[in-house]
Ligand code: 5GP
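Just the one chain here, the form predicted on its own, laid out as structure tokens.
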Amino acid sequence: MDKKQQIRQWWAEADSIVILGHVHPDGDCVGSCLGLWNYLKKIRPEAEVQVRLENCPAEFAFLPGADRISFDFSEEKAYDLCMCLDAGDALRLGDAVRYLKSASRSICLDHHVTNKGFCDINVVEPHASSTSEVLAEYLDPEQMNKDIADCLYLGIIHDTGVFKYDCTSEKTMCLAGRLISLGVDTRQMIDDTFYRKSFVQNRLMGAALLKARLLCGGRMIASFLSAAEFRQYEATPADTEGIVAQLKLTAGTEVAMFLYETAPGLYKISLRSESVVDVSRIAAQYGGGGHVRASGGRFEGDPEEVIAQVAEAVSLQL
């Protein structure tokens, strides 16, 4: 029995299924989780299926099933099957990892190159555009509908930068075409979830751009925002979406780095590269990982020291 057959069999056998994604869920995480939720509710209406995420960004609230997501990890419950989507390791599940540990069976679907496999069945495809694309391979095309298509299409556009990043392949575009044929409103979805920003998001991005500086002879750009600045702009971590991507658009730069303080002395790093530097190698030094061209991590300490360390690592690769 191959993995596709085994995964479908486990879906058919489980009476209770929990779907988990990574902390600070992005478009691909939310899209793949809700895409699977809608699919399982369609093929197994009698089964208990629950998505548990840390949060759901407001711009994704229109997705079918978003109002059914549970943000509560305090409930003690052992599911027959735990589905882990878009998480490179168990730590990325945050407090929801308790449901992985207590589940009878577990499956991981992911596309992060740093994922070494932490479930009973692991499907990791680093060359896929997104976890939504990985998931689509395991769904029966005859059971697909607009609700599922909306979720998967959102996941794909957010992890490909609307089909701009190198991870976009012919396979990605063919899948996107099939999803569009099911009725996805591409213009509305792209505008509302990818380009449109709130007033707070625009102000926060402006602050980050004003503080940006060039390193490595202009080949790297970096910016940092403190917790005090988040309070000043009444912003949350969700409002940082798009900042590192905007930094990367700076002409002549190979690497963009954005840091922000999540708690006193604790920081989140986002790294992006153009075509040469493998930022997943750098992120691994800070307990993180991800993709060759897009990765992240966390650290405790002095942000200026970390910026200097990353600049040195970038220089070595260059």
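This one's a predicted model, so the numbers in the text were calculated from it and none came from an experiment. Note that residue numbering follows the sequence shown and begins at 1.
This next part talks about the form predicted together with the named molecule, which is not shown.
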The named molecule contact at G296 in the predicted complex, heavy atom, 4.5 Å: yes
Any non-hydrogen atom of G27 within 4.5 angstroms of the named molecule in the predicted complex: no
is_contact(D89, the named molecule) in the predicted complex, heavy atom dist at most 4.5 Å: yes
Partner proximity in the predicted complex: G265 to the named molecule, non-hydrogen atom cutoff 4.5 Å: no
Candidate stretches 45 to 53, 246 to 254, 284 to 292, 60 to 68, one within 4.5 Å of the named molecule in the predicted complex by heavy atom: 284 to 292
